[in-house]
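Subsequent text provides structure tokens for two forms of one protein chain, presented individually as structure 1 and structure 2.
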Structure 1
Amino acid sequence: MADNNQKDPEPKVGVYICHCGGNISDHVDVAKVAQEAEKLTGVSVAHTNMFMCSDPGQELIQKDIKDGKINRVVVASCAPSLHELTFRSAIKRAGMNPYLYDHANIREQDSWVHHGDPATEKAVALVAAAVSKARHLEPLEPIRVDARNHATVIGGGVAGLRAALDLSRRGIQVALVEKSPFLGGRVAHLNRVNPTGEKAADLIRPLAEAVCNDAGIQVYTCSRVVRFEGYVGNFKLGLKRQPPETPEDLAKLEKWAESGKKEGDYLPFAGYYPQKVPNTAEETEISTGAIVFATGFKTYEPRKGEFGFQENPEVIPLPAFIEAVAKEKPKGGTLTLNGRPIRRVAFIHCVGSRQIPGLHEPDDQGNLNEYCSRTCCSATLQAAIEIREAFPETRVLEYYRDIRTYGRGQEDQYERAADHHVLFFRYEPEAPPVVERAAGGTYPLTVTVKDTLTFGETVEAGVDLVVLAVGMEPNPIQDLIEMMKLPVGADRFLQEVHPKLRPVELANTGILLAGTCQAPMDMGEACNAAQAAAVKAATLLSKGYVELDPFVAKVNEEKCTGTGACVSACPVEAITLKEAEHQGKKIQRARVNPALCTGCGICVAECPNNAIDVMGWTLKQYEEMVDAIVAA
């Protein structure tokens, strides 16, 4: 077999142009593209094929490699996200380094958006650019680092519990780190969950028990991560376990003490209590291979005066209402809360969600929650139905902007609510319902709204209680975000690499996302993400080593004079200066830790000596591509 790798000094590029049925060839003259490609410097062969991704298409490349005709490959076809890996594997199977390959996207970015001669000309230019890059490609090896068979899950809500259990069942040792004394997160603060109507307790208790009885899982409650170093496969985390001090934790512990329950039991609206709380603070260190974030959400705290909140004791957020109602025995008749009959209750949707710049007031830090919190419509309907079923004399009014019962089985809830004579009013964001103290009459509050369901009629209703369907905000984990340098979106939730193609991965390799720390989700979605993150982490660690994309920064030792510009530019501290010998003198030279480098390239632009580059995406390759485009 010919040596098709780096040792061959002369690049011999094979160009393969796909018809994609007619998807490409109906608009691009592929034969002409092949003809033009053959004229390019460094091109040895140019072929067309009906479907390059088919076996015969791939075999075309493999045969040319095996015959020694080519040592670089360019495929011109659909988007690289679809078949880059296909072609890299085909090349590898033929014995060539899979990174000696580039891709020209002549379908999504050409034949589907341009027609006739311009489409063909553009295909020629894109192929020329890819060939220019390919000529300068060097063989790369995936970076291999040892990995510990251990993962850490941060957050013991439903997502964290699910992820911990799934990881352990795949043979990975797990540390589950929960900041509060209880497991179960926000779900433990629900009564029945929508849309199945199951008791939250019946879901959380067995899950938490399974976690706590699993020999492979070490649970740390009252604990936080306070130190972080290392990289995928080899993270080191400092954990601090300390006596609880937040008012919420202390209140829950008080309830727990009153209940007389022992460790290893569950208390509704507190959670599962696995172990005693510590009396003194203590620190430990754990070595771990991957980290799953499951730090969840907190509910929006309405501003004073927002829909009468904190100005009227009869205005409460939905979680408080759910907890208050859960204490009441369903006895028919009218709901009574704190001895007060609730003849009419008004639910107001979208409180602290879907906020509009210019219309809503930002919080102290200038943040607006422009997103939909996704779970509040369904949770409100769930609460409304429960009231109507258990206390049929209590009337329910719902004030919504849109009903977003988007999930499986949730639209039925909307219909059920309507069947239960829940009365709906629809408001525009510019004219939200106004909650005021009633100036007399039998109800303490009035809610006035311009109802678009009745074509803008102003409707006033007296009510005993107003419940605000507060939205979700990410839990405050700024300390972790800064410590681990995690990307966050404009909405302040953790930001995945790609919302569709890599939905549970962060750009920081080895750190994964589970649940509502990423975006508003319901329980099912949170568990979906948790299971995906667990499998992803398990796959990463199961071989005992991890292979990372080789697209990381590399220092050109000849050129590096140790200015340190890259060191200060690197946002993830992947570069350090190390002493080295150069012509008999001791100098400082930059050294990249490939396991830490994310390959963003920030250092490339900063180095005054052009002594650092991202492998596979070098500046020189880009310059050559621009030259090819200009010349085409």
Structure 2
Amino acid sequence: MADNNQKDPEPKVGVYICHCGGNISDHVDVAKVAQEAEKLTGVSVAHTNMFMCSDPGQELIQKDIKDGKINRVVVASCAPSLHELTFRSAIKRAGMNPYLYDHANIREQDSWVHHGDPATEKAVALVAAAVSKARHLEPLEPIRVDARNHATVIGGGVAGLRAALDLSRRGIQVALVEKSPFLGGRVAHLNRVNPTGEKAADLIRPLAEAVCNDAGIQVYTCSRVVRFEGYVGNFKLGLKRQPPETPEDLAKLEKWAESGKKEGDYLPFAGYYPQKVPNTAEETEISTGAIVFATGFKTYEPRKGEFGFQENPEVIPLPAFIEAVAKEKPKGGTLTLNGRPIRRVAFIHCVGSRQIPGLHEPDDQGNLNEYCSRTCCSATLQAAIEIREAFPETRVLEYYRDIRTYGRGQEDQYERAADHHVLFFRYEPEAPPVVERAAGGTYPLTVTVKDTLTFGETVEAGVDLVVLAVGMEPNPIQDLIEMMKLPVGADRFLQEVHPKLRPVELANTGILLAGTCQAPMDMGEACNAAQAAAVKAATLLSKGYVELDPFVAKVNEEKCTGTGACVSACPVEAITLKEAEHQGKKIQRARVNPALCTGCGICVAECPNNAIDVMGWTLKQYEEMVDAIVAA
């Protein structure tokens, strides 16, 4: 077998073209692409396969490597973001350097946008470009950096607690950073959870106690991250711990003082209180190997006048209603809130969720929440059921666009609500319910809606209370986003690399996601994501070092004159100027920290002397690809 890890003076390229089960071959003449590939300079073999990513497809590549037929690989299939790692791993298992490989995307960039002859012609050109690049590839080695056996979890809600505990149980030292005095996050603001009906306190208390009693976990409440530097395996975080100052935290502490509880106990609708709050501000620094974001969500705040909010005291958001009802003991009659009987209550769904441009009013920053918050329907139905069971003389009306009770056991909530005689009205987004002050009569408010369940009939109902099922929004962490240069989606939640292949990883290596900082989730999903992040972080740190892809900038010191253009252009501050001696003179030359470099290539374009290349994507390789496309 040839030594496939060395630079070969005569590259032998194997081309492997995927049918993708028809996704590609329905529009691209795969056999013709293979025939044309065989004619290209340097190509030794060209094969097709129904699914190149399958075991038989990978074995086909591995056999050709082991037989010495090839020392370079080109795969023409779907987007490299899906299976690049798959093919690199297969190549490595066959004993060949995994970086002697290139990928041609003939699905997303071709068969999904072109049909017939144009699709085939484009596939031929893309494969020719990949082959030309592959012929000039050189063996690369992963970048290895030391990694501290320590992880920092930012956020002390249920996801943060779960991630911290799982990390510690895997032998990783953990720092848990929570901005408020309490642990438990938004789950602590609930009375019971769906669909089991368990008390939120019974879920949060044992989890928080386990975290606080774990010798491998250091808990920092009333703390924020104010400084950040470093890279995967070697991050440094500056923490500032200071007395609570937000109205929400001060209100919770006031309730705590009134309750007479001690440290290490749980206060409903506040959370678990692990330690006394600081009297003065203090700062500390943490050296850590990985960071898990569990910064959670906040509930949507309706604007003034939205469904009568802030204009009528009888209009309140669902979280406030849940807390108020939890204080009332079931009497078998009518619900009473603040001494006022609630004979009829109306719930309005999708407040602050599924907003439509041009129809709904954006917030002060111009944002619309176009996504579904996912948990609101189930939470609203649960509240309706609890009212009907505890206070059977209180009638419940539900105004909804669509009922979305997703998840195991959740659809039963809808059926239970119907069995408890909850009355449903369905409205279109262009004609939402109108909440107005009643001109007279026995109810303070009226709710008017064009009900599509009765073929557009206008229905007016008097009610004592209107409850708004408010959705989720990401917690405001713009300071951390800017400090750490985190990717954010159009919905303003933190953006994972890939929803299926890398669902809890950020593009920033070593920074992971847990829970609702990423997207609306229920508690079970948030805990699952937290456990996935913990496993990923533990795997990353367990060896004591981390291996990174070598696609980073490299400086040609013979050409570098130290202009500093690359330094000012680098978005991740991976390049610095260092003093060096050249022909007896002191000069400045660029130095790249490979652990920080993301291989974006901006420095390559900025350098006036062409003194920088990105390994695996050199200017010479680009030139060869362009020439091949022009000639195809």
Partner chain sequence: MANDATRSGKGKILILATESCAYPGANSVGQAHSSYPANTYILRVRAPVLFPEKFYLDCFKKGISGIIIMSCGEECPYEGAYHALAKRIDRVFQMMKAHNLDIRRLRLTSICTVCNRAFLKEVNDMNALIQELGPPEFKEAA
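All residue numbers here follow the sequence of structure 1, with the first residue given the number 1. Owing to the predicted nature of the structure, the values given are computational and were not obtained by experimental measurement. Rigid core here is just the name for the largest C-alpha set that superposes within 1.5 Å across the two forms.
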Looking at both, which one would you say is the form predicted alone?
-> 2
After fitting the core, Q410 CA displacement of 2 Å or more between the two structures = no
Can we say the CA of P243 moves by at least 2 Å between the two structures when the core is superposed?
-> no
Do you see a C-alpha shift of 2 Å or more at T120 between the two structures, with the core held fixed?
-> yes
Using the rigid core as the frame, report the C-alpha movement of A37 between the two structures, one decimal, in Å.
-> 4.1
Rigid core superposed, V28 Cα shift between the two structures in Å?
-> 8.3
